[in-house]
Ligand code: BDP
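The data below hold one chain only, encoded as structure tokens and taken in the form predicted on its own.
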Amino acid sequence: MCKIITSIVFLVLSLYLTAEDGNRLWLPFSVNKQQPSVVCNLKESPTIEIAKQELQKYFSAEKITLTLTKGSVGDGYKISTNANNEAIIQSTSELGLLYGAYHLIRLQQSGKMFPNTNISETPSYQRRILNHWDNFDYSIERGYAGKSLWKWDELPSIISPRYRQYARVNASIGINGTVLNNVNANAVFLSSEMLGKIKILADIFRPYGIKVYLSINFSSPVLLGKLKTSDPLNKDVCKWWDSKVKEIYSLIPDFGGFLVKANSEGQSGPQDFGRTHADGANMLAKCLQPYGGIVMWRAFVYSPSSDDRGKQAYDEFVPLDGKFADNVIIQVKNGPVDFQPREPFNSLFGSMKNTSLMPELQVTQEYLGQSKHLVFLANMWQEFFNSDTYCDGKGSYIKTITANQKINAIAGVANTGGDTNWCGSIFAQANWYAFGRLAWNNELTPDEIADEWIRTTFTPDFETSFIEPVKNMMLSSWETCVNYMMPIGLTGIFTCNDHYGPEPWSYVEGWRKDWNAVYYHRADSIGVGFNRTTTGSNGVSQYFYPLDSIYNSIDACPEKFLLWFHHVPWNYRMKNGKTLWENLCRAYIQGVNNVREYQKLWDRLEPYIDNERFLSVQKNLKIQTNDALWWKDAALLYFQTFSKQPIPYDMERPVHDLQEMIDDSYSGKIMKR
């Protein structure tokens, strides 16, 4: 009887499901047969027309009224519904009405549309920006979803339909800006020919509220203008930038501004001429200020040094606090090193009270299994937003201090590309969605965001049999990844170049120390971890009291950051009474076991998912499980050579051979430690 019932369920669901290739993302697909009446008290405009079309196609109601209200211009909106199947969207701006329309559709699409709904929303950040690391040759630095979306050789004569779809997708989650090119910028993007192509994209994006920004090469006056210097205090250099900015705004009147990576990883910058970051940023800011543009100056700076790499951004920028122009905002990665699976928050947050700072989050999973591993990042970002800096006493949370500034903004390094499904895998799409929703409202919980995404991407039905199991998998996936990659505060033990797999033994002769894994874990016969206490690099001193004292104490330090701040003996007893070594072993194996459970769970969900997406995720979970085993064995067998302790005998045995893994990873100058 059970088999018969199961067969019937499969048959019914197979009729319910339609083939999906992931291209539509979370956007609605069920078009209304009977279009509702949409009333607007505004004259027609491209933005209003989009809002009306979206509502007519995808929202079911008798009547929808769009109302422009008085007040300061903003993106917020109010939504109200009544028992007569009527809805009203109010905003002080046309874009607010568009965002309200998308949210109204999202409520209905996710099965959360109820009579007598009253919602009022204002975005947490004024500027909610995707950073594309796309190159002129169509490659994407740290891109895992195919080639670049931008077809520069086709523009302006051929316009891909994906450009408009890209704008629509971003508008649906409140993103209102895009940096089109890599922070390791090619000066060609400022050429007159390229600006003509970029104008086409800006024109397409504008009705959806998307402003275009560009990453710039600080040496552009030399590379493009044939000047002899790029010194920001040189009059000819200033004149060149003035002229270039004027040219940009003549083509793109709502151009957003510049993103700058300077004096980092070989990129040119003001320090090449004995100037400061403030000198360079302020020169550009002065050019942009008459047009309303901003400069986003990245704080990701580090140079070859025997000191702690995690301290350098603080050391360079805090002395410049208050010296930046009002239209400069410092773009700061969430952690002090480089988008690692888990880092404490960057100590710059809260430390520059007279300078605007914007968080930079990485949507593309450079260090978290890339597009192959299922890792939902909203949990990571929530931990970051909810971190208390104590800069003004208890309760000085990052989500609060970054949202309450003269300029407030947030950036996410995009994970989009030319693949049909945009992001390389289905669950990677959830991180694009999560970034947009958190940029709009940094108080949203991972549970709320995951629930929305599942309902809009898959189905609002099957609450207990599908939605809740998938959500639980997503919400545990980040901690799972941390466990099988780098638990207890370990960091930086990736393969040197692609940052995908484990290589804790890596040491490259002639490379900078901080490009090698051994720099970060510092394992020896005594223990493992980077000593950032007052007896080590003193990185703890960059945090406010009481964090500096908490992080400095091996017993008080949160165990999730223990090896980040301390070199810990292998036999150190942790809070559960077990040694560091045993906890390390158990964390890795727990990570592997969790991914195995994800495989079982997903296979059970086959009846609820179209075949194409089911098989795609199933394949990736197999890869993730094998990779988790690879990580576990590489880390534990390598660190065992220092701890000289057995892996607890009640735990599964390694299936790889350490020397074979080391031999397989060696190439070129990679040397044994």
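Model, not experiment: these values are computed from the prediction. A residue's number is simply how far along the shown sequence it sits, counting from 1.
Just so you know, the form predicted in complex with the ligand exists too; it's not on screen, but the next bit is about it.
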Would the ligand in the model of the complex be within 4.5 angstroms of a non-hydrogen atom of every residue among W133, E141 and D338?
-> yes
Heavy atom within 4.5 Å of the ligand in the model of the complex - residue from Y367, W432, W241, F565 = Y367
Note: exactly one of H373, H521, K261, R127 sits with a heavy atom within 4.5 Å of the ligand in the model of the complex, namely K261
Within 4.5 Å of the ligand in the model of the complex, counting heavy atoms only, one of 229-237, 503-511, 465-473, 338-346 shows up; tell me which.
-> 338-346
In the model of the complex, R532 touching the ligand (heavy atom, 4.5 Å) = no
Is D254 close to the ligand in the model of the complex, meaning a heavy atom pair under 4.5 Å apart or at it?
-> no
Does E265 reach the ligand in the model of the complex if we count a contact as any heavy atom within 4.5 Å?
-> yes
The ligand contact in the model of the complex: K78, any heavy atom under 4.5 Å = no
In the model of the complex: members of 485-501 within 4.5 Å of the ligand, any heavy atom | H499
